[in-house]
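The form predicted on its own is given below as one chain in structure tokens.
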Amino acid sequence: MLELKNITKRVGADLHIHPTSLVFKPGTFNILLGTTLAGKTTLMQLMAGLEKPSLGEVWFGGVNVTGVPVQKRNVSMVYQQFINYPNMSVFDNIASPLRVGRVDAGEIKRRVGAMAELMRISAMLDRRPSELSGGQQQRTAMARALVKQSDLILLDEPLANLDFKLREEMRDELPKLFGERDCVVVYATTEPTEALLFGGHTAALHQGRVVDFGPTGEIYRKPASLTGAQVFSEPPINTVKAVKSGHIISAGGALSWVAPEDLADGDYTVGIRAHHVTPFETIGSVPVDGTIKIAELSGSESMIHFDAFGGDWVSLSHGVHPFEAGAKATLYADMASCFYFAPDGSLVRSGEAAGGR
């Protein structure tokens, strides 16, 4: 078990990691989700022993390892930027941690071969890294980290440099790969969709703070706060200030709908994810008038950016729905699927928990 006990990381006058306490159990797949510079890499370096916390402790397997250097820990880490030994073959790169661990030659050959097959680089074992593409080099670096069978495996956006097809395959294979291992896996990503695909447990990070932590699907459907919902929404979650009075909620001076019966009168920030705002009317949806900024059309989806209530809103829907930039348009929001946040940002009610995607 990996446990972070109230750790912080300060660099000069700047607090890069605010007080953080987390527990990751053996055999679990855990995700650090946040934008660039949210603190994911720093937190991983603290877990690995590459950095020492300014305050607090790191425990692993019931032992305080806060001052133990990374060389004395059974840990593997893969970065987005691939790192390989340039003068070694791909085989020798992958085999290097096994040789350091004095694994016998037959076992090295077997484990390297199996990992190379998983990473689709079996035909390249005799090549040098300079003879590989960027994606192939990243797969080599991942194979070297995974073949070690460490107690703690840290993956810092490792699929970012892979081509789309292989990235999709690896997203499917990684959880299976670790499913039978009694290790702790921590995977950092900027993509909420990737976190949902992996499942497991997710820690949502924002500006060096863990703003939510729990089973991935649960904190997606019921985030603890507006900040947590923003971290876990791509495209960005749409928001508007609203007032509930009696049976009606009014927002933006031009939008109103019937209030949930269990919602108290008062002021709220209402949040609704982009896939609940569509160009077509649905049962219970309310019209949102706005000015189109841009429409991004793909073969199966339309992403529409528009001005509404003095801010930027986004609609994401199936099908091709062409709109002209600068045109006035009406889109439709499914308010049964929205979130209600109190003035302090805490979640009051989640429609997604009751039936949203």
Partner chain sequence: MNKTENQKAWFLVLPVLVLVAFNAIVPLMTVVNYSVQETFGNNVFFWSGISWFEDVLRSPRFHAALGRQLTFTFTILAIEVPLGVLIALAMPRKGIWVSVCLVLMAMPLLIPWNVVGAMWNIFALPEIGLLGNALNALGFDYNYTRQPGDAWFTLILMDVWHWTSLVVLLAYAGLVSIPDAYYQAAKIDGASSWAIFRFIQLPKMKRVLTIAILLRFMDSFNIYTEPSVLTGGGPGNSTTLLSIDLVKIALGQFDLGPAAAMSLVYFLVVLLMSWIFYTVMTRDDEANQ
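Take the two forms, find the largest set of C-alpha atoms that superpose within 1.5 Å, and that set is the rigid core. Treat the numbers as computed from the prediction; the structure is a model and nothing was measured. Numbering follows the first chain given and starts at 1.
Only in words, not in the display: the form predicted in complex with its partner chain, which the text now covers.
Q: On the criterion of a non-hydrogen atom at 4.5 angstroms or closer, are 114, 122 and 153 all touching its partner chain in the predicted complex?
A: Not a single residue of the candidate spot has a heavy atom within 4.5 Å of its partner chain in the predicted complex.
Q: Consider the chain as shown here, without its partner, and state which of 189, 138, 239, 76 has a heavy atom within 4.5 Å of its partner chain in the predicted complex.
A: Exactly one residue meets the criterion: 76.
Q: Considering non-hydrogen atoms and a 4.5 Å limit, which listed residue (221, 128, 171, 181) is close to its partner chain in the predicted complex?
A: The option sitting close enough to the partner is 128.
Q: Which of these stretches, 171-179, 144-152, 264-272, 280-288, has heavy atoms within 4.5 Å of its partner chain in the predicted complex?
A: Of the stretches listed, the one contacting the partner is 144-152.
Q: Is residue 248 a contact residue for its partner chain in the predicted complex, using a 4.5 Å heavy atom cut-off?
A: No, no contact at 4.5 Å.
Q: My question is simply whether residue 108 lines the interface with its partner chain in the predicted complex - judged by any non-hydrogen atom within 4.5 Å.
A: Answer no; every heavy atom of residue 108 is more than 4.5 Å from its partner chain in the predicted complex.
Q: Though only this chain appears here, would residue 316 touch its partner chain in the predicted complex if you measure heavy atom gaps against 4.5 Å?
A: Result no; residue 316 lies far from its partner chain in the predicted complex.
Q: Going by a heavy atom distance of 4.5 Å, is residue 70 a contact of its partner chain in the predicted complex?
A: Because a heavy atom of residue 70 falls inside 4.5 Å of its partner chain in the predicted complex, the answer is yes.
Q: Residue by residue through 81-117, tell me which have a non-hydrogen atom within 4.5 angstroms of its partner chain in the predicted complex.
A: Those in contact are 81, 82, 83, 84, 85, 86, 87, 88, 96, 97, 100.
Q: Honestly, after the rigid core fit, is residue 101 moving at least 2 Å at Cα between this form and the one not shown?
A: Yes, the C-alpha position differs by at least 2 Å between this form and the one not shown.
Q: Taking the rigid core as the frame, does residue 132 move its C-alpha by 2 Å or more between this form and the one not shown?
A: True for residue 132: a C-alpha shift of 2 Å or more.
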